[in-house]
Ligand code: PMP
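Shown here is one chain on its own, the form predicted on its own, set out as structure tokens.
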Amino acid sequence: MQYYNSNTIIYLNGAFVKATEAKTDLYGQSLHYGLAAFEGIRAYKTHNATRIFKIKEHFERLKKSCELVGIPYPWDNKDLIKKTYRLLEKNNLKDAYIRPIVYSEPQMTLVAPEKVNIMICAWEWGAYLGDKQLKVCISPFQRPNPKSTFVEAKISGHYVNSILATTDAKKRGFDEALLLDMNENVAEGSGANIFIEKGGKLYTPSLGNILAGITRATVIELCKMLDVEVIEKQINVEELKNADSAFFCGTAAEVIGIHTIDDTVYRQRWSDSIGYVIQRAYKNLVLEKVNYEVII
């Protein structure tokens, strides 16, 4: 995957510069200790124009992540939103994945930095997990205990956990990993939240041990529009494997169905599931096709 070339422009500390000419420091906490905050955002080519989906919510979460771990955030989000749209224009991108990241100035102690940088880049990227139902395994790695960190913050260092889980899953022949929490209840995928369907209702792990996904919140909003009941609760492995169907959701993954969990096959056809309805409704939403009722 090539993320940039000699013509690619990024936004760095108030200026648009070529990616090949941009520089960073090798003595910062972000590189050495993983203390950086980031977001994953998608832009879609709609019939109206190129739209960045829920960009305000993403930058608000970026600011909140920084505040939680003591990273300064001196920027105005309205300005960053304008700069992000300008970045897409400069790179002639219509459908794109956007990555803003806040990272430290040179600072090698274990105290939060006083000065920081911001970089925003973008590239063309398809659905992160593809468009076919997934073979998923329950990972031997757990999500971090919420008493050990701020699980609601999207912090770079947290994703070592995700890399370990995904790498293990791929080595064992699966498409993706599903992680449990410290109490052996279902948490989330390595980079996506999970919903399961049972008896015409959707269930998803309650907040507390998972990232509060913006796509997760969007799915819940869609369910209200479509009169689908969503229950947020602790879900154990037995409930997971006895479900009728399941799906992951996230900005990178969008909405993608799960075919198997370990050796358990979800026998409900994906096309008959609530997840399939949500998948289509979500696509209509991001493309600004607002007549949800037509897809039911």
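Start at 1 with the first residue shown and count on from there. Keep in mind the model is a prediction, meaning the values are calculated, not measured.
Not on display, but discussed next: the form predicted in complex with the ligand.
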item: Contact stretch among 190-198, 82-90, 116-124, 102-110 - heavy atom within 4.5 Å of the ligand in the predicted bound form; value: 190-198
item: K132, H259 and Q279 all contacting the ligand in the predicted bound form, non-hydrogen atom within 4.5 Å; value: no
item: The unique member of S245, T251, S65, S30 whose heavy atoms fall within 4.5 Å of the ligand in the predicted bound form; value: T251
item: Partner proximity in the predicted bound form: S139 to the ligand, non-hydrogen atom cutoff 4.5 Å; value: no
item: is_contact(G213, the ligand) in the predicted bound form, heavy atom dist at most 4.5 Å; value: yes
item: Non-hydrogen atom contact F150 with the ligand in the predicted bound form at 4.5 angstroms; value: no
item: The ligand contact at R51 in the predicted bound form, heavy atom, 4.5 Å; value: no
item: Within 48-85, the residues that have a heavy atom no more than 4.5 Å from the ligand in the predicted bound form; value: H58, R61
